[in-house]
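Below you'll find only one chain, the form predicted alone, shown as structure tokens.
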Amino acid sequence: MPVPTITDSYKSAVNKVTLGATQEAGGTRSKTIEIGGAANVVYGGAAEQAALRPVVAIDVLDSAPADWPEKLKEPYKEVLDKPGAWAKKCVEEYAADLICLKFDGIHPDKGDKDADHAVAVVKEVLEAVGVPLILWGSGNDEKDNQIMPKVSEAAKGENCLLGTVTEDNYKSLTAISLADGHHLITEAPLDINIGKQVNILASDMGFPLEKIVTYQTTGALGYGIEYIYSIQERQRLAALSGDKMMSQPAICDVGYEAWRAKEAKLADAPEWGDPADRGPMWEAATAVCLLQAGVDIIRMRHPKAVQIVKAFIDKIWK
């Protein structure tokens, strides 16, 4: 007896977002990246209702990281203090779709570097690679409000993804993203209502909803993955149901969260397996799980994990 195909139909879809600007559009990128567009849940409905292919952004820090475990540093050991070379390695050797330039070095507790440093790093990375960029602040509101406007201006015309803005600190970065023609990342602390509220606040300032990508602070495998998975599913269902304030593509910060887990980074635990494999596996498992919840951009770090995840994407999104 044949089993009938059962599919749900929805009245709306996730917004499509295009990142990067080629020379024809006033930028210098060699290509653009388009994400979003899902008109159904993951694996649901016809093929044409599926989202556009998810993409992998590999992290590049503005200064050499002091807190990365050795197994994570190893693939980048020759370029950790050279952001341009680091970005080039990620694109040419590890097939990054995007580069996420993370400004850890400007944080008061991680170097307290100034705007001149941040601007120089932006220019160095823009010159080194042709893929679109994500420009991600330090997480210190006061320092980000001082320096990220300069970062945004240095990349003006490149149609970057800039962030993050929160419910309590959204005005400055929203205004500069609007002025410099960038897309915006709105952040919420694993709370779908706050996520919607930040989108409303940005929209009230005149920022187009079609240029927003949402970010719910990510939990790693074993550290809240089921909760972030549920949040991503709820966001997707809200978008498909026609909620324009929740119709944005989503980004998750998998690399940072996965490598914070002791199971990923602890070296002195032979019973858990070789840390050279364990860490990348932890990161890859987290990423694959979230892709199945409907995430559009995955921020990653270890090349082995990137390879696994891109192979999964190739298989599912043929």
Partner chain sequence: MISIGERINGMFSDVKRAIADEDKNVIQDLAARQTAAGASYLDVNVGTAAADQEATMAWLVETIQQTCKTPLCLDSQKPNVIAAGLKAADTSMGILLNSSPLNKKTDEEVLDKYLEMAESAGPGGKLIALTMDKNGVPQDIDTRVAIAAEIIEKTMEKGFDSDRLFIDPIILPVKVPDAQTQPGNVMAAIDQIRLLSDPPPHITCGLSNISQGSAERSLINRIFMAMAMSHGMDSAIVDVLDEQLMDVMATADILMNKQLYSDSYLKAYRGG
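Residue numbers count along the first chain shown, from 1. Source: prediction; values computed, not measured.
Separately, the form predicted together with the partner chain exists; it is not shown, and the next lines address it.
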{"item": "K196, heavy atom within 4.5 angstroms of the partner chain in the predicted complex", "value": "yes"}
{"item": "Contact test in the predicted complex: V213 vs the partner chain, heavy atoms, 4.5 Å", "value": "no"}
{"item": "Residue contact check: R234 to the partner chain in the predicted complex, 4.5 Å heavy atom", "value": "yes"}
{"item": "4.5 angstroms heavy atom contact with the partner chain in the predicted complex for E93", "value": "no"}
{"item": "Stretch from 125 to 133, 188 to 196, 76 to 84, 140 to 148 whose residues place a heavy atom within 4.5 Å of the partner chain in the predicted complex", "value": "188 to 196"}
{"item": "Contact at I200, D204 and K244 by the partner chain in the predicted complex, all three, heavy atom at most 4.5 Å", "value": "yes"}
{"item": "In the predicted complex, the one of A238, A154, A115, L178 near the partner chain [non-hydrogen atom within 4.5 angstroms]", "value": "A238"}
{"item": "Contacts with the partner chain in the predicted complex, stretch 151 to 175 (heavy atom within 4.5 Å)", "value": "E167"}
